[in-house]
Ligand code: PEP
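Just the one chain here, laid out as structure tokens, in the form predicted on its own.
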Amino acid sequence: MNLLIGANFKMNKTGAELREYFGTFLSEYSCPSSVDLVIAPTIIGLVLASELAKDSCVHIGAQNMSSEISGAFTGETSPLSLREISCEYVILGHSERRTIFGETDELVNKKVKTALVHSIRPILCIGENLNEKEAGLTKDILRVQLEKWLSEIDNTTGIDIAYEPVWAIGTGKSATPEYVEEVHIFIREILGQRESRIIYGGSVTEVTAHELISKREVNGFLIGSAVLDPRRLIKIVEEATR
């Protein structure tokens, strides 16, 4: 099983900045065969990123996707359009989509189903907030999220799971490797299969990457701010594979 390392640019990088980023990254990245590296730019940057990554080892992912194929859905992006530009992955269920934009359990579930139908591999984000963690509810929250978001999906092997504790996203507070290990083992038990990769997201850096990846069931990372510098992303991959 290859490691999955996802670079979520969120609402960062103009077209000119993407060109500069890919120019640096592709000239210095060694493309380890044990890593599936996914870069997820803004929606408006997907076409350019797909062109820049063509014939390279970099996979392109979307940060969001409509649950519908076409129609009167202003501002949404169809899975057909993503497939047309060779977008292979899509990040779904991210806490920012749920808390800021109000995505419901039902909508996340529908998006996952739509992605699978159109051969786009979901990176499904689950995670508890600080109040839930402090109340000892982490596993209960994760179980409910997985059950609802994977409802009526008989074969989950085409889905990767990103454990992203909300309290650690963009805060500089990374969960301890021991805590991550315990949670990932629990997630694997819920999934009941070993084909899906379970990756960690939450203030991952080149300093924490090696120790985290050494833990059982940590199959990669989903990273935000640290990967906006191409050389930092390269260093994280190096630390994860050494």
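Fair warning: this is a prediction, and the values are worked out from it, not measured in the lab. When you see a residue number, it is the position in the sequence shown, counting from 1.
Quick note: we don't show the form predicted together with ligand PEP, though the next part is all about it.
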Tell me whether P41, I60 and V90, taken together, all sit within 4.5 Å of ligand PEP in the model of the complex, counting heavy atoms only.
no
Do T24 and ligand PEP share at least one heavy atom pair within 4.5 Å in the model of the complex?
no
Is it the case that L233, even though its partner is missing from this view, gets within 4.5 Å of ligand PEP in the model of the complex, heavy atoms only?
no
Does V108 make contact with ligand PEP in the model of the complex, using a 4.5 Å heavy atom cut-off?
no
Give a yes/no on whether L82 approaches ligand PEP to within 4.5 Å in the model of the complex, heavy atoms considered.
no
If contact means a heavy atom within 4.5 Å, which one of 212 to 220, 198 to 206, 61 to 69, 25 to 33 is the stretch that engages ligand PEP in the model of the complex?
198 to 206
Just one of I120, A168, L142, V112 has a heavy atom within 4.5 Å of ligand PEP in the model of the complex. Which one?
A168
Are there residues in 71 to 100 with a heavy atom within 4.5 Å of ligand PEP in the model of the complex, and which are they, in order?
H94, E96
